[in-house]
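There is one chain below, alone, in structure tokens, taken in the form predicted on its own.
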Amino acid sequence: MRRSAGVLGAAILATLVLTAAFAGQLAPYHPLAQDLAHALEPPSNTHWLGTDEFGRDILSRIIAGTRIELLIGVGTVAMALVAGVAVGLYTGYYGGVVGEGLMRLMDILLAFPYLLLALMVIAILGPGLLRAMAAVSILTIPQFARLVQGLALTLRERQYVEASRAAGASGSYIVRRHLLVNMWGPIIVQATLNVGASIIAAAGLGFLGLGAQPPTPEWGAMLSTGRDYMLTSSWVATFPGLAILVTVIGFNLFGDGLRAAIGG
């Protein structure tokens, strides 16, 4: 609470969560309702952020899209966190041939350009929101694996771990009660920062037509359709882009605040 940037990030995230929770009550129109007679209307008292090419209210679509973006960000990071923590703990504590092979696989994933690897995964799985989330989560696993492995290599040399090992504790007990418990702080910080990156990655896939498919009100897909009207109806793309910007900034500020608090 003493760090203004972290407080600002927390306020943005709280606003996003409340918007997602009460999207049905906050949206002035149905996000999929078309009104071709009022297509591409500029912002006004009737439509605060204007309408798109089908006459759909942009504000309503952005509000509805908040649920989708939070689902993408939190869902992809949650999947990556589970797999990355498992890989990192195994390779950091047990090691061996299997552990070495797993980390080399993580190195291969890290060696590929982010977007190129996402396109490869989408090419295999096919386009769609859930497939885009799976692709982004696969790309995020190595970051958690590397972080957790480094923490495990450090913690396993601590005296309380050696004492527990000398007392006959099993490896799974040590991993669960001594390693995992003492590394949740950095993991949570990394997860918070990765949510923003995941939203950007999923929005990029949606912009390319490989993520959420129309008429789903996903901000990246909205930005993609709005680029055709940048010169005549710039609000169609501007407001979804600003929504992505504010959301990612919120997660990054909150993550930086957590990191500073834990580090302090």
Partner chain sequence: MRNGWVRRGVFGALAAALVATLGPWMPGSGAAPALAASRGASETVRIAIATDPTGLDPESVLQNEAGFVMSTIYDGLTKYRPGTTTVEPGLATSWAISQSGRRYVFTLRRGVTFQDGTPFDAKAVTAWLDRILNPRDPHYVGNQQGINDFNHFTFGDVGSYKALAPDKVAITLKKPNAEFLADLAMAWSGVTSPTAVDRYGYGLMTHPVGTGPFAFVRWARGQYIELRANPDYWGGAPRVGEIIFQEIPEASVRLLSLEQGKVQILGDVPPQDVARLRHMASVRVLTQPGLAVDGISLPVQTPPFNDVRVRRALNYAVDKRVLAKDLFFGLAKPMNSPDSTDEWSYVAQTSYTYDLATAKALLREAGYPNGFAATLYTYTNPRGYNPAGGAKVAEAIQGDLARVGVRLTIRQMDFAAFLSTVRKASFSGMASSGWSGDNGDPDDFMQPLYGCTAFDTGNSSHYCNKQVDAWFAEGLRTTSEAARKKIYAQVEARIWRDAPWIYLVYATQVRAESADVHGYLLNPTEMFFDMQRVSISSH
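These numbers were taken from a predicted model, which means no experiment stands behind them. Numbering follows the first chain given and starts at 1.
Heads up, the form predicted together with its partner chain isn't pictured, but that's what we're talking about next.
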Proximity to its partner chain in the model of the complex, single hit among Met183, Met79, Met103, Leu193 (heavy atom within 4.5 Å): Leu193
The unique member of Leu70, Ala27, Leu49, Ala197 whose heavy atoms fall within 4.5 Å of its partner chain in the model of the complex: Ala197
4.5 Å heavy atom contact, Gln213 to its partner chain in the model of the complex: yes
Exercise: Thr140 in contact with its partner chain in the model of the complex, heavy atom 4.5 Å: yes
Non-hydrogen atom contact Tyr160 with its partner chain in the model of the complex at 4.5 angstroms: no
Partner proximity in the model of the complex: Leu59 to its partner chain, non-hydrogen atom cutoff 4.5 Å: no
Residues of stretch 30-48 in contact with its partner chain in the model of the complex (4.5 Å, non-hydrogen atom): Gln34, Leu36, Ala37, Leu40
